[in-house]
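Look below for two forms of one protein chain, each set out as structure tokens: first structure 1, then structure 2.
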Structure 1
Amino acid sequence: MSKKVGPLDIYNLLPRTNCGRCGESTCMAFATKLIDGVYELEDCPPLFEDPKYAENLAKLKELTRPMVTYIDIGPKERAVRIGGKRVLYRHELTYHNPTAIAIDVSDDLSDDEIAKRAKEIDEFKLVRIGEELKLDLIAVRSVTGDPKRFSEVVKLVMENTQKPLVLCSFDPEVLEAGLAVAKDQKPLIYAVTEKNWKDVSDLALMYDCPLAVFVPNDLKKLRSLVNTLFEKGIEKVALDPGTFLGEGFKDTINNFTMIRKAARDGDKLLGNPLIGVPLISWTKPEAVPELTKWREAWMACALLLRFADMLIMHSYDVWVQLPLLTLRQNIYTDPRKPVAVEPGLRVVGNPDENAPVMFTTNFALTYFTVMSDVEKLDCYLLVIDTEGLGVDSAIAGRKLTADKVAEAIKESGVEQKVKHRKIIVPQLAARLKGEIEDLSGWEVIVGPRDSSGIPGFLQERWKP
């Protein structure tokens, strides 16, 4: 979307009926949030239903076209959206549509293995700072090259997962066999190539499914193929310029970067979602699987940072996925998110007059980490205003001082809430112990180094 487009430009082209079907009470509110990327045009149904808006809709589409288009993989109610990026650099605006992670299931496995693998991928879930981290897609790969086997396996996978699918083969017959059973699932077809493009592009049109374009390490040919597909009337494409191992990874990083920057500069042929394939690590396995996974893991992280909108991987060991999913959770946050939270007293659970009192800083990360560690306890947590610094930098920078702590204790009113006069301080703030005691009259207990130790520490040491 061009920087110059304001909410008013959008508003003027909307139905302006304030019908509320988008979930906003006014069209103006919708327009503002559309600009922020909260909504897409599809979220305003009247635009699409009433032919009298057709002309405005066309204008709106052009006006709101992101620098990278998006595609939806899967049936409407549980589609995974990839792409839709509006900026090149993260600090400009929130990156939209977190990189989707697809895990492969190949058709050379036994039926039992396939069912088990599909189920495990489906149910993979880690909880981190209150957010569920999951895998997004299953990529069914044709290893046998047998269309019949492929259709069986696609069916079997569908019986064991709710995740949308990617159908992987370069053979149009195999792809068609898969599409025949999965067409209502709107899978991503992987992939159209320079060799198979005529047949596979027909399949994409016939089954109305998004299409991945695979042209390794040749952006001129990649652009040409996309151009041809556009001419054929295929709109929903994703790009795979090839993920290479070792020294070849240079061209991968370089191609991803050139493609995204060209998109930023207005190249519509390259302004499509990007697919990285860390699974490539398994094409030349290391001596032990752990090292192949290690390489797959770091390549995936590098690609996620370098604009990949979707990744196809093989490993879903927790130690491989945890850093990647954490990185995704971190990078796809609002860059304007303040580093500081509101200071003050937090009542956690149902504390009584003997409940422990502790303090932390108002640096968002410190705060949320501590909160997630104490949320199951009954206690008072005093959040000190350190201007958004963590404990050690706040002490070094004189933003966390004994004065401040003493004052916060007084002002918080916690003295009326508990009978005791004991406060647990982070170990990194141990140097303030004496001074806090002198100034506040409270006894200072030095707590654990890491807040994950708090529950254990309280059990052992807390006596009001």
Structure 2
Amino acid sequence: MSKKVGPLDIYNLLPRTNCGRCGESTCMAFATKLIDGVYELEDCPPLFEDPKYAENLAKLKELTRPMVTYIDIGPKERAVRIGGKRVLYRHELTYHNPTAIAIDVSDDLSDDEIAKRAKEIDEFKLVRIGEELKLDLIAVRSVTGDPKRFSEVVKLVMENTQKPLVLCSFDPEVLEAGLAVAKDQKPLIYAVTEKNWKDVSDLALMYDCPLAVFVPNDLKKLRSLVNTLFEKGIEKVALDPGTFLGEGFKDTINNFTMIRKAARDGDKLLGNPLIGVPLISWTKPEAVPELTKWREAWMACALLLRFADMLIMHSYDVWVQLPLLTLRQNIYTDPRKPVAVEPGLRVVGNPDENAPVMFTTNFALTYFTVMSDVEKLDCYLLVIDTEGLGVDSAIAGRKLTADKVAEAIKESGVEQKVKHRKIIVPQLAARLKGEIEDLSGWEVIVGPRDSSGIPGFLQERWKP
């Protein structure tokens, strides 16, 4: 979408009936959120139901066309969407559709190993600042080259996971065997090449599945092959320009950057989701496996930063995935507002009338860090609305003041829950001590600088 398109440009082409079927009360509200990527045109049913809007619909499709098209992988009810970026850089507008992470399962493993691996990928979960971080896809990879074995493995994986699939082979016969089993799963076919494009593209049309295009380190040929596929009627394609090891990795980064900048400049052939394959690390494993995993992890992070919409990996060790998932979580948030939680009083454990009372801000990272450090205690935690800022920044920006603390104490009802009048404040808020005491009538105790020190601090200092 052009950055010059504004809400009024969209609004003037909408039905303007304020019917509310999109979930918004007005068409203007829908237009604003459509630009931000919160809604798609399909969320406005009248545009598609009434023929009189056909001309406007065509104009809207062109106006709202994202810089990068999107692809849905998997059946509708649990599809993973990749691509759909509307801007090059995150500070311009919120990124949507987080980079999908696929973990491979190869057909040279035993049935027990395949089932175990698929289940572990399916159940993988980390929790950070209140959000569950998960893996997204399973890439079933043909190593044996045997169509029969490949179809058996695809079926076995489907029995042990709900994750959408990527079917990986350059052999059309192998891919067809897998598609015959997974035809209702709408897997991503990986991949079409200069040699197999005719047969594999026929499979994509036959099974109505998205298609990955693999042309290593030659953007001119990649673009030409995409054009051939478009002419054949296949538009849902993803691009893999190759992931290379060693000195070749700089070519990988350059290719990813050039493709995405071409998309920004309006090149529709290169305006498709990008696939990176850090799995390539395992083609030349280090003597120490941990070094290979480390290499795969940093390659994945680098590709994520260079616009990758999907990554195919091998290792799902927590220490490999944690930095990648954390980086992804940080990038795919709204840069215009901090991540915040609801303010208010939290009851931790089973506090009584002598339990300690503490406060923190509603910046999500601060809040969940503090909660993890006090979760085994019996206390009251007052979460103050600082518009999502941490303690130090909130005080500097006048979002955390003595007035706010005193007001929060009064409104929370904590005075009716404890018989003492003592509140423990973060050490970074020590400068507010006197003012809080004057305004609230509570005694202020300055706590430790880091919330990890709270349990020890209470053991030594808390005397109701």
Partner chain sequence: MSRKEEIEEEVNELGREWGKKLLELLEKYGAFELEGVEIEAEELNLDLRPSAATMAPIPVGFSITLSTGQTFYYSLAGAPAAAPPAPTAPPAPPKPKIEKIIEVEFTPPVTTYSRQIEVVPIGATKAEGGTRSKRLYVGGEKAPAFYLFEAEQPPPVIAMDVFDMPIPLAKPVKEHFKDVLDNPVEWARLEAEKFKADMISIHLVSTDPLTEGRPVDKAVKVVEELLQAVDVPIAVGVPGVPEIDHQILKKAAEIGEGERLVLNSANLDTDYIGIAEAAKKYGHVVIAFTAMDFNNQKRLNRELLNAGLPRDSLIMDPTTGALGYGIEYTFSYVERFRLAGLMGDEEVAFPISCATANAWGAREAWMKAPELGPRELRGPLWETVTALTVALAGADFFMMDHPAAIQTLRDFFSYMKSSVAAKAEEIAEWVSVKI
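In this text, all values refer to a predicted model and were calculated from it rather than measured experimentally. Note that the rigid core is defined as the largest set of C-alphas that superpose within 1.5 Å between two forms. One-based numbering along structure 1's sequence throughout.
Shown second, as structure 2, is the form predicted alone. After superposition on the rigid core, the Cα of residue 365 moves by 2 Å or more between structures 1 and 2. With the core held fixed, the Cα of residue 352 is displaced between structures 1 and 2 by 2 Å or more. Core-superposed comparison between structures 1 and 2: the CA of residue 389 exceeds or equals a 2 Å shift.
Core-superposed comparison between structures 1 and 2: residue 18 shows a Cα shift of 4.2 Å.
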